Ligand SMILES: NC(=O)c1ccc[n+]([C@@H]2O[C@H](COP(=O)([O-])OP(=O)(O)OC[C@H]3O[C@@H](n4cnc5c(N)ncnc54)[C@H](OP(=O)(O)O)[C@@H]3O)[C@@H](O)[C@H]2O)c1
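Let's start with one chain on its own, the form predicted on its own, as structure tokens.
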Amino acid sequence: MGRSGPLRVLVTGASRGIGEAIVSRLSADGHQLALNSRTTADLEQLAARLPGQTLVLPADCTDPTSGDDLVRAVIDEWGGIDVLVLNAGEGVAASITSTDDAMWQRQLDLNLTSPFRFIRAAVPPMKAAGFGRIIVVASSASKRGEPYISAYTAAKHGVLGLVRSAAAELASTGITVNAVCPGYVDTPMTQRSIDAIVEKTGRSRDEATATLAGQQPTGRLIAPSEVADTVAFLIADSGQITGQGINIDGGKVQS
């Protein structure tokens, strides 16, 4: 069953883009927000803008100890952890032949291994409490292949598999595990993709933006708030939605 009242929420990759939209929405809903990214100053500025109680937890999510350390910090401060939102992630574009081992490993570390470690750390206290909501911000690349992002796509396919397996394992414990799978969202990461298109093709920024917006059948980029709304919905769910990869892509991937 769902829980009423404020929940204790840890969000990784919280300081900008989708992460910032998620914490803004959840703080406005009255939840306690533990904010993670690598930069303390960015987190402190964000915390100052939020209406609710916050905890600033700077760390590199790819550090092997960060999952255990951050979950423990939330429990030490607030007595437990109810919700884990794993938003930290990044994509890089390269052909398969230009994808070296270091790039491949970095994508796996950030987009797959890090979420695994955080989930592993959060499950025991959530199981003890009989309640938990785990949400991974994946991508439409979790469900289909796109050219020039083989490492990112492989990692995102893997993290969706992790979500599905964890959900099946934990279904009777009161913990749900889901992914949200956005298309191109209007974020700094997408703006960097637009920059790369401009540099490589000589197109204008408007033309490059239209190219990515056109990947969604609705013809526009996804707003970060639309992803945040879906995360808030999954947190409030009574517990019957689990093991899902929910598409937020204007109808690009139909499942």
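Position 1 is the first residue in the sequence shown; the rest follow in order. Small disclaimer: the values here were computed from a predicted structure and weren't measured.
Note that the form predicted together with the named molecule isn't included here; everything after this is about it.
- Segments offered: 76-84, 97-105, 131-139, 160-168. Contacting the named molecule in the predicted bound form at heavy atom distances within 4.5 Å is 131-139.
- Contact with the named molecule in the predicted bound form holds for none of Leu7, Val123 and Ile175, as no heavy atom of theirs lies within 4.5 Å.
- Think of it this way: in the predicted bound form, the named molecule has a heavy atom of just one of Ala179, Ala88, Ala155, Val71 within 4.5 Å, and the residue is Ala88.
- Residue-level contacts in the predicted bound form: of Thr209, Thr230, Ser27, Ser37, one residue has a heavy atom within 4.5 Å of the named molecule, and it is Ser37.
- Taking the partner from the other structure, the named molecule in the predicted bound form has no heavy atom within 4.5 Å of any heavy atom of Val198.
- The named molecule in the predicted bound form comes within 4.5 Å of a heavy atom belonging to Val185.
- Of the heavy atoms in Met189, some are within 4.5 Å of the named molecule in the predicted bound form.
- Within 4.5 Å of any heavy atom of the named molecule in the predicted bound form lies no heavy atom of Leu112.
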